[in-house]
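In the structure tokens that follow, the same protein chain appears in two forms, which are kept apart as structure 1 and structure 2.
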Structure 1
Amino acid sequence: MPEIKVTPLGAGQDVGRSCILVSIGGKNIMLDCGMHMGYNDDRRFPDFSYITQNGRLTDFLDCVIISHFHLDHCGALPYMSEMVGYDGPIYMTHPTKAICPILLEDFRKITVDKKGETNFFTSQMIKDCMKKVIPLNLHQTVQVDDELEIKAYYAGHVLGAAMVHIKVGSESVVYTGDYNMTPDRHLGAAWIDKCRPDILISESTYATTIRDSKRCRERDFLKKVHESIERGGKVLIPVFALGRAQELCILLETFWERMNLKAPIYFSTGLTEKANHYYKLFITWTNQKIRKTFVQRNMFEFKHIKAFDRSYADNPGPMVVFATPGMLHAGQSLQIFKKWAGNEKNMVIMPGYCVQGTIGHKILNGQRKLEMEGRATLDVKLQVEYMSFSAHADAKGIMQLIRMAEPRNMLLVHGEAVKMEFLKGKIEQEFSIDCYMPANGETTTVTTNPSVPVDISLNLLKREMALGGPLPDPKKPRTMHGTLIMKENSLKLVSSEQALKELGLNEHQLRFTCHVQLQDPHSDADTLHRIYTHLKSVLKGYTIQHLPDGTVIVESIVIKVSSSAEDSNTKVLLLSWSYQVKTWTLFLERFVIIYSFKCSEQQQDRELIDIQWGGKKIH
């Protein structure tokens, strides 16, 4: 039986370093190639030596597919392609291809320039790597080679995030990457058609969470900002540069527009500006509202949001500032925070999760005095708010996607083991399909039952159609006669005559014969005639011929009568039929037996058993 094998190199019962190997129909595909945020050593990247000890990856991988531009999904790409060595095709969507190098470059700068690591990929490597990328469009079927084809679906999450449908022959796998089933202010919801893949590989970050409606969250956020602005306070929103930042920008921008507010909103510059540029370009990847209104005005051309300058932080009056990084551990956001922390009118809104040890985490836990470097302490008087704006599907969303795609098997990655366990149980219970959650390096094997397509000659099909019923019933399988020819990797179903012709063989007729003895005092001819008349009376609607040479032909069955040598009263009935009319004959045979009973009541049992046995053997 053919199998599909899935091996996570990263993201197996874990979040980060997404990298999943899939072997399907003899093709090897790598899904995502990310790095882990939590490590600074070798564990940072997936273990590519799992694929091949030495030698280039190109020989083992048919293609690499990147789902979106987050570093935990594409961070190891230059390392793999340039340093380990891979020259095959890399697929990603257009926005991902555009934005990914910016993030990689930023990542490289931090690692090499700030932390001083050596033996890391260079800018040139990033460029070389990007040259190998082949862009994908949504719903475009791309033929990687003759058999392997991939198709991208919209996934929400971030700009350009895609789910991929990988198909070899009739086997298929869907990989979701990260996705979001609830639309937000700038992105739509993930969607997939009912493609019924063999395996659906889904992320499960929020496997045990069902979230509240986004409207409540948005409203709370806006209300808090608005109140603070009205008091004349300053609002700091620490964000990571891409993704949620744009979401919050759109949210505030439209709110400012709607409410006719005048207070300035600033965005600390940096890589955001470049990224915003791409957001403006890839309008087709955004949600309905932005797509529909961009002709009048591109929503990403912010009217109220301006670039931030360091000196603005001291300006009097209310303002809102988006600053990086998101956890207040360094950089501009921290600087601004220090400046504003003393005033209780001000506010800081943390839109995401903060790692333990960062200032963000401390203030969220209610710490009011912070120790800064140089023994200085900072009194935190400003208000601290927490707002969750995450763009992953929650448990309900995952279930919804499963219902949309109707997979035969389910495989969970990109989540914590405990949480996966819960979701796994739920999936198995609700959909009664198998669900797997392999750890890193663990291989899941799923056997598939692919249907084998066979060409059928049109003539044969028409002939069969003509035989039975007006229309083929799609719900019921139908049997038909034909000859299967396997020739040079292709299968063909043709009629037997054509098969003979094609193969250059002669037709052999196979005939079965059977002797029935019966006691009948009449002459041979008489007996035959009696059988003939009897048959004629019983089998209406069939052609029964009495030929002059002493045979009766019923359709293609020949009946002859001859007296036995010893006893002229014992007649031997010879039945002869070809292979095709087997069932028919059985009937006739039985009929003859009954006839013989009628003819001679003193028929012995033994003979009867003989005949029946003979009939069975033929059958």
Structure 2
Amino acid sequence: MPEIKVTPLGAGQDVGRSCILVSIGGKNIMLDCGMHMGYNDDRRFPDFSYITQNGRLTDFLDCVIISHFHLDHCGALPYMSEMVGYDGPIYMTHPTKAICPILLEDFRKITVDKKGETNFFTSQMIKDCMKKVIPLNLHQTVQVDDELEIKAYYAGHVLGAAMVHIKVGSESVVYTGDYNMTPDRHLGAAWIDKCRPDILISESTYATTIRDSKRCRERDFLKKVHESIERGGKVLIPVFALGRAQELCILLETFWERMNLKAPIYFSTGLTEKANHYYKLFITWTNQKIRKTFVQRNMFEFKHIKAFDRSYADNPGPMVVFATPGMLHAGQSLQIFKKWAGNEKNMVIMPGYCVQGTIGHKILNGQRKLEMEGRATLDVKLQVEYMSFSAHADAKGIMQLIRMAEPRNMLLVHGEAVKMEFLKGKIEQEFSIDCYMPANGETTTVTTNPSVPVDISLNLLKREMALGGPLPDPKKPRTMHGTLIMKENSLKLVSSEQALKELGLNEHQLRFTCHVQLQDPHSDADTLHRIYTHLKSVLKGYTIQHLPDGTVIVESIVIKVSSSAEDSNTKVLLLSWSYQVKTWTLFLERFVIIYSFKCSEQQQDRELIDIQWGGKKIH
């Protein structure tokens, strides 16, 4: 039986460093190629030695697909393609292709130029890597080669995020990347066809969470920001450059306008302009409201939100600052946090998930003394708030996607093991499908039962419906009889008459014969007549004829009687029939009738009659 193998090189029972290796129909596909934000050594990149110990990855991979521009999904791409070695096609959507190199370069500057790390990709490597990228359009089927095809679907989450349907022959896999089943202020909800893949590989960041209403969360967020500003405090909101940042900026902009607040709101320098540019460029990827109002007013041009300069962090008085990155693991957000951490009037609001090992994760878990670089200790006195504006699907959203796609098997990645285990049980219980959650380096093998698509002729379908059978239903298969024709690599089921006509063949009839012995002292003609009379009385719905040549015909079945050469009282019944739909049933009915006729008419010992059929005896 054919099988699909899935091996996480990253994000197996872990969040971060997404990199999933899929082997399907003889093809090897890498899904995402991210880095782990919680590590500063070789562990931040996926372990590519699993694919090959030596040699370039091009020889082993048919293609690489990137779901979106977040670094935990694309951050290791230049390292993989330029330093390890991969020259094959890399697929991602147009917005991801535009934004990905900017975030990669920003991270490279922090890692290499500021921290002085080595064994990292260069600016030129990022450019060379992006030359290998082939952009995808939504709902466009792309033929990677003669057998492998991929199709992208809208995933919400961030601008340009896509789920991807991978198909080789009749086998298929859907990879979600990160997705959101709830529309927000600037993006729509994820959507996919009822494509019934063999495996649905889904993120499970919030596997055990069912979020409260978005309106309640927004109200609480605005209340906390307002209270902090009123008492003269400063509010730091660590965000990633695009996505959640725009969501919260729109929210605060509207609130500031309505409340006529004067405290300044700042956004990391340069990123606001870049964000605006890309949201204008890819306006079709935003939600309906933004697309409708875009001509009159660009929602991403803010009146109250200004560009931030690092000197502003020391300004007296209240302020709100959006700074990158979102997990406080480096960059401007970490620098501002260090300055403001000692004042209890100040507040940091973490609006999304933080990977283990980052400063964000530590303070959310209540750590109040932090060991910083150079063994310096930082006392955290400011208020720490967590308010999930995460653009990931929660448990309810994951279940919703399963109902939408109707997969045969489920595989969870990009989540914590304990939470995954809980969700796995729920999925298996509710949908009665197998659910897997492999760890990094562990391979899950799923045996597939590929279906072969067959076209059916309208005439044959009408004939079946005329017989009074139920209409075809994918959940309730039914048997249909016809002739299967293979033409130009496709299969078609047609009536036998249509098949003969299309193929220009003559019809030949195949008949089956069977001998039944019974004891009867009467003459051959008399025995045949008694059989004929009895069949007429029992089988009223059938056409039964007694022909002058000493033959009885019931539908397609011919019955003849002759005496045995050894004993004239032993009659041999010859039954002959053509191969038709109900022949075997009819034949068995005849046997029962003949047997009952024998027993009732002659009142002899009730012996079993043996019928030879294909070497087996039927009693």
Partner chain sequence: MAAHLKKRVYEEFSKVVQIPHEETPAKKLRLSKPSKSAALHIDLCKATNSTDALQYLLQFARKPVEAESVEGVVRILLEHYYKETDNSVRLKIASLLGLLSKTQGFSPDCIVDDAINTLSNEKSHQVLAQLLDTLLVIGTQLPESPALRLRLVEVAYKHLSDTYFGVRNKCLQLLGCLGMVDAPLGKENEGAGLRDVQSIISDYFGDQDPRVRTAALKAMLQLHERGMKIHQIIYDQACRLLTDDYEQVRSAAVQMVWVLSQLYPESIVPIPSSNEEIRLVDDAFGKISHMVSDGSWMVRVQAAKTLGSMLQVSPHFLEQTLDKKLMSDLRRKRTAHERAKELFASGEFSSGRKWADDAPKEKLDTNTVNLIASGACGAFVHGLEDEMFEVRIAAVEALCQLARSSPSFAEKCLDFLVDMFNDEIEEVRLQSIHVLREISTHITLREDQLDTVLAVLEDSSRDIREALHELLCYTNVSTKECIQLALLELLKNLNKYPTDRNSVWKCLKFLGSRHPTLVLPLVPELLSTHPYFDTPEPDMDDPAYIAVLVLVFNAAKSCPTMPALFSDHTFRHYAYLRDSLSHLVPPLRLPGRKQVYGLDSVDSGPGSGSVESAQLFLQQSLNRVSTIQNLEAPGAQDLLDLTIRDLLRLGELQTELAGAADFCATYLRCQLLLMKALQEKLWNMAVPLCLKQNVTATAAAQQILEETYKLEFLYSGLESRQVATIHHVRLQAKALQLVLTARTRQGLDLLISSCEKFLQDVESFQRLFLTELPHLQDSFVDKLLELMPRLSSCKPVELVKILQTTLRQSGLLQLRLPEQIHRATATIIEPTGESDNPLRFTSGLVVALDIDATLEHVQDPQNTVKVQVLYPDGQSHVIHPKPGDFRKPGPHRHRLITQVYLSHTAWTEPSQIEVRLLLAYSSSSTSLTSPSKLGWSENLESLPPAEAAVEGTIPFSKAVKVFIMPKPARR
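Reference numbering: structure 1, starting with residue 1. As the structure is a prediction and not an experimental result, all values here were calculated from the model. Whichever C-alpha set is largest while still superposing within 1.5 Å between the two forms counts as the rigid core.
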Checklist outcome for this item: Between structures 1 and 2, the form predicted alone corresponds to structure 2
Checklist entry - Is there a C-alpha shift of 2 Å or more at H508 between structure 1 and structure 2 once the rigid core is superposed? => result yes
Next on the checklist: Superposed on the rigid core, does the Cα of M35 end up 2 angstroms or more away between structure 1 and structure 2?
Outcome noted: no
Checklist entry - Comparing between structure 1 and structure 2 on the rigid core: C-alpha of I229 shifted by 2 Å or more? => result yes
Next on the checklist: After superposing on the rigid core, what is the C-alpha displacement of M387 between structure 1 and structure 2, in Å?
Outcome noted: 3.3
